[in-house]
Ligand SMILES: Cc1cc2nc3c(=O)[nH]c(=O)nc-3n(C[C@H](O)[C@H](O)[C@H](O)COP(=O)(O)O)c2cc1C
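Only one chain comes next, encoded as structure tokens, the form predicted on its own.
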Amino acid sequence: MLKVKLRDVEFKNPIITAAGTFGKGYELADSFDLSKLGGIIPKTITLKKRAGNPFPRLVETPCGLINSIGLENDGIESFVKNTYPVLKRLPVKIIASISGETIEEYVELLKILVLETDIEVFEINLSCPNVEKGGEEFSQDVEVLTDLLLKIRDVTERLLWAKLPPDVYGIIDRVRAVVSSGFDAVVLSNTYRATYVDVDKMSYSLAKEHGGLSGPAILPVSLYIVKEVKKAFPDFPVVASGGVFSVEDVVRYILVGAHLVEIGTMNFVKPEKVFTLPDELATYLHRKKKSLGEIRGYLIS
């Protein structure tokens, strides 16, 4: 009833945990049933180990959270040697997220993962707003973006998702590049560049001054982006992300065409909630007497 198929890969349901919000992917395995989820995305992997940005790097706002983590991770060598052997034993589909500072880094990362793991799906992170260098720079120029995507596509026939920055005005051209490059889906989208100020200290709340805003504040804007992209590319799969805190939010994204929905900030606030969403979605569909396929894109015409 809840299964979703993208090309030759089947997901148990459309609920996916977003990169950077679920640790290395296995920390909650002893506390919750990971098999309830459609998939999990561990921390984004980079070629070399990253310490991340200085503290403080998280701040709450009235309607969300601003993070400036800076892609902290142990690097590809540690992922292959230490993390993946644990992940591959989990009863849930694993999606790997990768980020590089150059085209060559992206290609090398993917080659290593294809050679050393059986991971079926890769999310190419082109949209982290709180690192000095990274994929977001590539996404600013459509020609450069296309060159990067084509070189990545040449590495493997496995599923590739491009995670783009939340650009309301230039998103259609960027998604067109994703489609023309032979990718399998686009992820829309990531956090929004933002800052916050501590009035008592009379300073920025984050050491890096700015970071990425997530949480309920971004849901309406992200929903708009997904809607616009699906109107322009009705047959191209979208993985939606941004501000989901309830099954109603999941349904909102599916109604405007999303195939899968990533859950992010909610995992920090209510880590148990993501595991209830599949059953809540099934209940909603039963109440409406509709299948998942029947409500997907219901509002897109």
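Since we're looking at a predicted model, the values are computed, not measured. Residue indices: 1-based, along the sequence shown.
Missing here is the form predicted in complex with the ligand; even so, the following discussion is about that form.
Undergrad: Although the partner isn't part of this model, could you tell me whether residue 256 comes within 4.5 Å of the ligand in the predicted complex, counting any heavy atom of the residue?
TA: Contact with the ligand, no.
Undergrad: Verify the contact flag for residue 13: yes if a non-hydrogen atom of it lies within 4.5 Å of a non-hydrogen atom of the ligand in the predicted complex, no if not.
TA: Taking the distances in the predicted complex, the answer for residue 13 is no, it never comes within 4.5 Å of the ligand.
Undergrad: Answer for residue 25 alone: is it within 4.5 Å of the ligand in the predicted complex, judged on heavy atom distances?
TA: The answer is no: residue 25 has no heavy atom within 4.5 Å of the ligand.
Undergrad: Might residue 160 be said to contact the ligand in the predicted complex, defining contact as any heavy atom within 4.5 Å?
TA: Contact with the ligand, no.
Undergrad: Can you say which of 47-55, 242-250, 228-236, 28-36 gets within 4.5 Å of the ligand in the predicted complex, counting heavy atoms only?
TA: Result of the contact check: 242-250.
Undergrad: May I ask you to choose, among 218, 185, 145, 92, the residue with a heavy atom within 4.5 Å of the ligand in the predicted complex?
TA: Selected option: 218.
Undergrad: Quick one: name the residues from 15-41 with any non-hydrogen atom within 4.5 angstroms of the ligand in the predicted complex.
TA: Contacting residues: 18, 19, 20, 21.
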